[in-house]
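One chain comes next, on its own, written out as structure tokens in the form predicted alone.
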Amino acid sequence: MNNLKSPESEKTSGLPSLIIRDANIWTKNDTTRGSILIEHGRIQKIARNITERADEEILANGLLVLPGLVDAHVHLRDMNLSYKEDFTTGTAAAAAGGFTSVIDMPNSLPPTDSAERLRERARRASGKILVNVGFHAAAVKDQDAANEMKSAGAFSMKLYLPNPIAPLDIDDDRVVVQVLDAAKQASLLLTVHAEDATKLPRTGEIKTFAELVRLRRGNAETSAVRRILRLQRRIGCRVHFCHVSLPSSLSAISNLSSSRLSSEVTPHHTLLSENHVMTLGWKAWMVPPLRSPKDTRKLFHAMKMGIPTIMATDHAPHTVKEKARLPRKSSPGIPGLETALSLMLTMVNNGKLSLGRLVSLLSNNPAKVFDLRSKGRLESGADGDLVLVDLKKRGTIDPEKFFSKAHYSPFEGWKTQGAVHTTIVNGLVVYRDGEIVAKPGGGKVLKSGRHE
């Protein structure tokens, strides 16, 4: 037996122990009353009664304990974009929303388009993060570059079809095949923003956001999804479709019944429609854009029935100044880390979504898709990443209270039932009852393929 400790285990071995007592604990299919013991950053025991003592104890008084949420699609900004968001504010927002691990997208500045840049971004994040953070890298066609990104810890290569992050002639199928093959040879997942650039509006005056949304039609997504599926069948690499906005796209992906394909939906695409753009304007502008009310209802139903693999927030913060411009110049994207769970818990409380499906979407399945083997579950040996939820607490979404630097939301004023009470990362309480209670640096930099 190998008794050598990894550097990460040495780092966590000095962590205080923690017991959560008298909680409703989510199991695989239901909840059970009991307590949880966490030592050295990992769950050591889950039992009805725990007689041991710990450095810190939390009396849950019947709060619901879920495995820490995993968001595979966030834009933490920082570096040259730190005025929009930085690693500390972004991970504070994550903790407030119940997310204990997030994976950062590569369209940063500078972009994460090489192994060297990925390592530099990880170095910048270390010491500043409150939750665990991993990194995606930009898609490339060079196999050596892809292998280097894998070695540096990239969780995927991101192929942004409307405008690739690394220079690629994306209109050429042969180039896309090279990208798919490079991902396969490096054993990297390929994450895809599926919109066909040739079908997006390019010219002409657009006076309203509603008009902009109507012009960015769904056929751009449909075309791109079909194209990637066709080419993926030739190569056989793993492909994950980000922020799918059309039920027809979900059907096309799921109908292939392949373990090498996965899909993602967002809270905004399942709860909002293009009608909200008419009243909210820039606050509801994102890409892919919001769809028709009919598509939104069908997408939510598909989510309820288990068709999409995961839910992600696509947390994409901008300044209000960057958003409140003319439609053509407005930056697309909204903050989502602090609203996702409360919105979905409201759906659970209203009987529109099962708690089991919520846990699968936001915790179990993201951990499986992105190979975070010790996360996304509550059992002995798993990482001590948990969120305590008050299912009864009512609230109103108020962007002015966000920890994120982006103080706007299309969900502003929405009434919710169900809220995060406490977020625990690696056995340490990071967020409790509205406050960040830990210092930056407690989160780990995650690397794909490494499982302590």
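Numbers for residues come from their place in the sequence shown, where the first is 1. Owing to the predicted nature of the structure, the values given are computational and were not obtained by experimental measurement.
Not on display, but discussed next: the form predicted in complex with a small molecule.
For the chain shown alone, Asp314 is a contact residue for the small molecule in the predicted bound form, at least one non-hydrogen atom being within 4.5 angstroms.
When contacts are judged by a 4.5 Å heavy atom cut-off, Met286 counts as touching the small molecule in the predicted bound form. Using a 4.5 Å cutoff between non-hydrogen atoms, Gly333 counts as a contact of the small molecule in the predicted bound form. Not displayed here, the small molecule is kept clear of His136 by more than 4.5 Å at the level of heavy atoms in the predicted bound form. For the options His276, His193, Arg377, Lys141, the one in contact with the small molecule in the predicted bound form, meaning a heavy atom within 4.5 Å, is His193. Though the small molecule is absent from this view, in the predicted bound form it lies within 4.5 Å of a heavy atom of just one residue from Arg291, His243, Lys150, Arg238, which is His243. Considering the small molecule in the predicted bound form, the lone stretch of 304-312, 365-373, 89-97, 69-77 in range is 69-77 [heavy atom distance within 4.5 Å].
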